[in-house]
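In structure tokens, the next block holds one chain alone, the form predicted on its own.
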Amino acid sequence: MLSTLELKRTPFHERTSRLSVTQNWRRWAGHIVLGSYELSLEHEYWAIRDGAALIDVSPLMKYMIEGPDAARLLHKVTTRDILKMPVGQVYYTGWCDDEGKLLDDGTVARMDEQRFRMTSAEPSLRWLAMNAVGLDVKVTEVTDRMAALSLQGPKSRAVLNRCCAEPLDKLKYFRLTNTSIGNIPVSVSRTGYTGDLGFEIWMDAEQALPVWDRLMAAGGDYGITPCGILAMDMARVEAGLFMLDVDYTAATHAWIDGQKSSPLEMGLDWAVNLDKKGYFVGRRALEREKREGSAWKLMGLEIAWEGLERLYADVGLPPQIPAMAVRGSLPVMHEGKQVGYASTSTWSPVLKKYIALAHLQRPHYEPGTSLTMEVTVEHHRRQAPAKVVKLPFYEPAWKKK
């Protein structure tokens, strides 16, 4: 059992705890959050894909980086070209150690010329402060002072347009705007962790409950549904989005080199701006890896249904598919030799496929490669046929429109 005495409650706890039938609580960054509200994940999952899902994401670590050298600091510590970042832009980025191995990943939002908001999964204050030595910049952690909601799904914009001061029809993908919900100032970014149309709403923690209430009231006609992190977990795998401590290990927490991953290995080539000017942490190692090629790559695996069905038919059973995403390492083989492992696997309700995020060794990460993934059938380990595919598995046309 989780001890609530040891864990923080988010600013929305008074609402979320009363709405949950399951009381299915999970740990997230020192907080207690709901894994699910209902006995089945289906309603919450389909709210993400067909309607509007409201998700409490307040446990995200949040930092304000301010001052004349704020952009220089973030340019130095992330793999993105922050100096070219316009006001109102949000970047997804990773940040590395000197060996080019990931420490964490998150977002950087440029609020104005000298002020940024950064989110991360792990505490990053000490790391930011160490890299800020000699720079005219102030770094402040605001995790507990700022509440955050993720409103995801094809009807999310319609819900926000009902309660925001201005319509958000012109807010582009990975941009942000300052507005208000009722008389409460909020920042809204067109971002999320589901791979669908979605927004994240940032506000003062003391104003959290009125914002929740207004969103729920505005979304009533659209079937707005409170959603836990387990349904979001299924959606993020479909979107090809990885998770710290599940799909990769922070370099500072790794015991051996084999546990570390570079952003290039994780498929973040597009977010590693090697053409940007000046030094950034890990640059030389990443340039070398870019020239020589990556030894590993995070790719998608589609497990063949017919092959899975045969494995269960051999013992007289229909296929048994987990009801939620499985965060566990499963060996991936090629002709009897292990060539990688799946870090998260799930049934995809929208695709009607069993899918997995898999770390694969060169040359087995090429799309179309035939491999097998371990499954357990009636207490016996078996190999189900699978095919390597590009990520994401699912990307709806309306995501960026």
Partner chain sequence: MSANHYDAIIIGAGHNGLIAGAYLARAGKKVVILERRPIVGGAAVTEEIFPGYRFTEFSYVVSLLRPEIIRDLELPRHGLKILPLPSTVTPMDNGDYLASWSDHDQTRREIYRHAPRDAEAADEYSRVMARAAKAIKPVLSLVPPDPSSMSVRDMLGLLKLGKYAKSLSEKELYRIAKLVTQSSADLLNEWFEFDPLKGTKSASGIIGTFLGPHSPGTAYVLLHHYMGEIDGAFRAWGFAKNGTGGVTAAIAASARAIGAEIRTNAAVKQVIVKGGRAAGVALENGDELHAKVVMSAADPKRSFLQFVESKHFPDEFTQQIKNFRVRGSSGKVNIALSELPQFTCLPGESPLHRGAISISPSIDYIERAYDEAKYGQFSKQPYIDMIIPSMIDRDMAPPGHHVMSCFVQYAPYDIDGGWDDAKRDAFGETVISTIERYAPNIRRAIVGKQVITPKDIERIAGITGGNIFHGELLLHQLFFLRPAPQWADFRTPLPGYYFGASGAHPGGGVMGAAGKLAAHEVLKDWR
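Positions refer to the first chain, counted from 1. Note that the structure is predicted; figures quoted are calculated from it, not measured.
Note that the form predicted in complex with its partner chain isn't included here; everything after this is about it.
Enquirer: Would you mind picking out the stretch of 331-339, 26-34, 65-73, 44-52 that comes within 4.5 angstroms of its partner chain in the predicted complex, counting non-hydrogen atoms?
Expert: Only one stretch qualifies here: 44-52.
Enquirer: Non-hydrogen atoms within 4.5 angstroms of its partner chain in the predicted complex: do 223, 317 and 394 all have one?
Expert: Every listed residue reaches its partner chain in the predicted complex, so yes.
Enquirer: Please determine whether residue 113 contacts its partner chain in the predicted complex, using a 4.5 Å cut-off between heavy atoms.
Expert: It does not: once its partner chain is placed as it appears in the predicted complex, residue 113 has no heavy atom within 4.5 Å of it.
Enquirer: Looking at the partner-bound form in the predicted complex, is residue 352 within 4.5 Å of its partner chain by any heavy atom?
Expert: Residue 352 belongs to the contact set for its partner chain.
Enquirer: Residue-level question: is residue 365 within 4.5 Å of its partner chain in the predicted complex, judged on heavy atoms?
Expert: Although its partner chain is absent here, residue 365 would stay clear of it in the predicted complex, with no heavy atoms inside 4.5 Å.
Enquirer: Report whether the minimum heavy atom distance between residue 305 and its partner chain in the predicted complex is within 4.5 Å.
Expert: Yes, residue 305 sits close enough to its partner chain in the predicted complex that at least one of its heavy atoms falls within 4.5 Å.
Enquirer: Can you work out which of 155, 117, 101, 190 has a heavy atom no more than 4.5 Å from its partner chain in the predicted complex?
Expert: Looking at the other structure, the residue within range turns out to be 155.
Enquirer: If you check 283, 162, 276, 145 against its partner chain in the predicted complex, which one has a heavy atom within 4.5 Å?
Expert: Contact check passes for 162.
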